[in-house]
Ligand SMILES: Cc1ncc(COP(=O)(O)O)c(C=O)c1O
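The form predicted on its own is given below as one chain in structure tokens.
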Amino acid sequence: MKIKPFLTEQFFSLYEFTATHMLASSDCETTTVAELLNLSGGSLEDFGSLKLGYTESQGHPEYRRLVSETYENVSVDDVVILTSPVEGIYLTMQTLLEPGDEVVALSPAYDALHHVADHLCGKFQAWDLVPTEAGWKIDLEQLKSLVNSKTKLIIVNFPHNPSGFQPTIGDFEQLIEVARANDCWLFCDEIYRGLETEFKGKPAIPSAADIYDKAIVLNGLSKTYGLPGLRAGWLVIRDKQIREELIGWKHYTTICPAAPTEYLAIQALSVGEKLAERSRTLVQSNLVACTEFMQRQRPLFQWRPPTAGSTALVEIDFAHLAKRSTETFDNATDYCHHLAKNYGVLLLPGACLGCEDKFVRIGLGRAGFQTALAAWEATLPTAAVPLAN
């Protein structure tokens, strides 16, 4: 049985490294190796003296220690270091799922969170995020109707990509209780953790790993820490048997992490809060600019501001756009291809992530965001609707 196409990566492969104005990225602005080492107190000389031998399959003990300290109830032994964050999705699904297992997953979502599980189990149900006039919400009653004693796994992503939604503590605890009541596993992708728009010294909701024994948590350095090129990630698995089974699967994929990545990841985690604060500051600034843009261009766009993470999901009114332009588009996919090919402006069609094809994802974490936003605005009809007093 063939797996579904990875539409997000297919779309990015067409334009990501040629587009002039990147508005679709989910990661935050990155840094150089030299800048990272300068910040952490490391040196290029020490990095250059690193031996390129095999590493421990579960990951370097110091790396795992630094990761464990970012949680409340996680030990060094609970952490499994990955060769890339997406490897953690594949390994978890291979470890937990068999044909016929039932899976419920929050939708929309990063392709791998849905397609690997769907490929393995064949009984996959989407739990739809609900759009409101001002934002997004989860429907816990719908979740309860989807989950039962046959459900093997619930898959969520908080802060959420692509919408930027973050549940309240109360809603998150209710979600955990649904999983606990049905004795099912919870896979929580937390790779945007710490990017709340109103960050108050610590993430607004606890990690699932800290409050539920059957949670498996994914995180890494790509988004909040702005280091996607390291391909540094980890899983937190408190169940020893499942952890050992997953490491067994890892022996068939990457065997062990890359030594240079581990070295640089240790340096990054030693100054993790500085990297995260840099990202939060940039996201906040870009969010202000984006909100002003959306207000100027309404009602072309339905703006639901994100409350966490580095992405937002924008609904486009194509009928209204057609009234103001000689160019017409039936869907967001065609519109995104048009912008990329003709203007070098890159937005991600929401259809790649399982949305209706009237949404686009924008990324708020890059330093060039406001210049790219201006380039997008320059492609729009000039007859903007005046703002109400």
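The numbering used is simple: start at 1 and walk along the sequence shown. Not measured: the values here are computed from a predicted model.
There is another form of the same protein, the form predicted together with this ligand; it is not shown, and what comes next is about it.
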Report the stretch among 217-225, 147-155, 175-183, 94-102 that approaches this ligand in the model of the complex to within 4.5 Å, counting heavy atoms only.
217-225
Indicate whether residue 110 is a 4.5 Å heavy atom neighbour of this ligand in the model of the complex.
yes
Proximity of residue 161 to this ligand in the model of the complex, heavy atoms at 4.5 Å:
yes
Spell out, yes or no, whether the shortest heavy atom distance between residue 26 and this ligand in the model of the complex is within 4.5 Å.
yes
Report yes if any heavy atom of residue 131 sits within 4.5 Å of a heavy atom of this ligand in the model of the complex; otherwise report no.
no
Quick check on this chain: which one of 272, 203, 85, 167 has a heavy atom within 4.5 Å of this ligand in the model of the complex?
85
Though this ligand is not shown, can you say which of 115, 304, 231, 238 has a heavy atom within 4.5 Å of it in the model of the complex?
231
Contacts with this ligand in the model of the complex, stretch 161-197 (heavy atom within 4.5 Å):
161, 189, 191, 192
